[in-house]
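The chain that follows stands alone, in the form predicted alone, written as structure tokens.
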Amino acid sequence: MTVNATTNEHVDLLIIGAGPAGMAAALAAAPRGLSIALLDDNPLPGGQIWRDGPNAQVPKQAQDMRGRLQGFSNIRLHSGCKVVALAGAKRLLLEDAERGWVLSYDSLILCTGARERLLPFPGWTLPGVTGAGGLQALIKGGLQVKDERIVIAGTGPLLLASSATAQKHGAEVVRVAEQASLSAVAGFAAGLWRWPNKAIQAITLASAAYRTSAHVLTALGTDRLEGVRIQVGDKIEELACERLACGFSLVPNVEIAQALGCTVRDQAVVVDEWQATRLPDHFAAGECTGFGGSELALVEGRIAGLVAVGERETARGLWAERLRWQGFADRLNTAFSLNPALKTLAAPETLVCRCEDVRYADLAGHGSWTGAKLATRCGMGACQGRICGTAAQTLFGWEPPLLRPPFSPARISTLACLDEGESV
């Protein structure tokens, strides 16, 4: 695919995603003096974990890394920027608030992170119901939750982090419902001595509202959320609340990797010991290669950045640190693996595809995502199957849809950066 010369730029190294992995990759590669472009759809670097906003307290580590990025004249940060489409070999069509253009590169590092897994249950579309990480993002962005009663449900450490954020801003967290069993959580906690900072973090985030073997059954309300029904062990409890935040772990963002032709297995980009994908000069790091936390993302990003500029021996020196944090990630993912009961939460009338109002009953009779999409328009709405595709994979075992260009809504002027007669 050819492009208009006036809208074409080139860099030696392109990094997609400015979370911990992306920032670490850029800082590791920058001393070699190559031209580097760092893209992110957020206003400032940090990703979801170090998200900024009026109510956010960005950690010192993130602030320091931002400052170091600004110190390198060969790093150009493109904030509020998204990848619209592929534009040929080692070329991407990009768009920000001001323009669209094609950026070509010699090497690419994918640091596209992960998103929350949202599973449908009765009432999950009521106003007041969000993801657990979504609640954190909303509060950091300025949402007022003072004196509101909040229930947080799902699985993993994100629940306690969201609870702490909500309480810090004046909310009353009435329940934190963790679907994993007490033995699984206790076994995970008992092994945290290997990662002292994680043990300290777990202690500081502890909550009296925390319950194991607990999961949401139904969100209650008519026009908006009024309460929630929760299974806690063998008992069912109903709690009045103004907000419900549910997050069932994370799902790697692999859509761009798949479009490029990288191998994806078990919902994650496949890389080797050098963080290299199957495509020459294409690397991946952080949670797009599997959920493991910011520490693992940072070391993977450094390795990818070093290897991308030819510093393999220096990168090899980081393998032991990566192995250490991969051990933490493995324990985390084992302890908080999803209970099969969560696949049965949706009732026949429960919406699975919120964009196109497609019910669980409309999907249950189909054998594949493609068949369901052709019959119901599932996945054809604004999110392009990002939410319902992941839910359908969990519920029915269907392979999620491949994202087609444009990967996100784009201006006509951006699409016009491609030569006449060409299409995304």
Ligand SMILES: Cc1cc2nc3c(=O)[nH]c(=O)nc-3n(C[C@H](O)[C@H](O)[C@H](O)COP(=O)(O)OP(=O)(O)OC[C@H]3O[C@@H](n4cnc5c(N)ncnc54)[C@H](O)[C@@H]3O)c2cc1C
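Model, not experiment: these values are computed from the prediction. So that there is no doubt, residue numbering starts at 1 and follows the sequence shown.
The form predicted together with the ligand is left out here; the points below concern that form.
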Next on the checklist: Only one of 115, 149, 211, 331 gets a heavy atom within 4.5 Å of the ligand in the predicted bound form. Which one?
Outcome noted: 115
Next on the checklist: Just to confirm the contact call: exactly one of 288 to 296, 174 to 182, 68 to 76, 120 to 128 touches the ligand in the predicted bound form at a 4.5 Å heavy atom cutoff, so which is it?
Outcome noted: 288 to 296
Next on the checklist: Residue-level question: is residue 363 within 4.5 Å of the ligand in the predicted bound form, judged on heavy atoms?
Outcome noted: no
Item to check | Partner proximity in the predicted bound form: residue 21 to the ligand, non-hydrogen atom cutoff 4.5 Å | outcome: yes
Checklist entry - Closest heavy atom of residue 276 to the ligand in the predicted bound form, within 4.5 Å or not? => result no
Checklist entry - Does any heavy atom of residue 247 come within 4.5 Å of a heavy atom of the ligand in the predicted bound form? => result no
Item to check | Sequence-ordered list of residues in 155 to 184 near the ligand in the predicted bound form, where near means a heavy atom within 4.5 Å | outcome: 158, 161
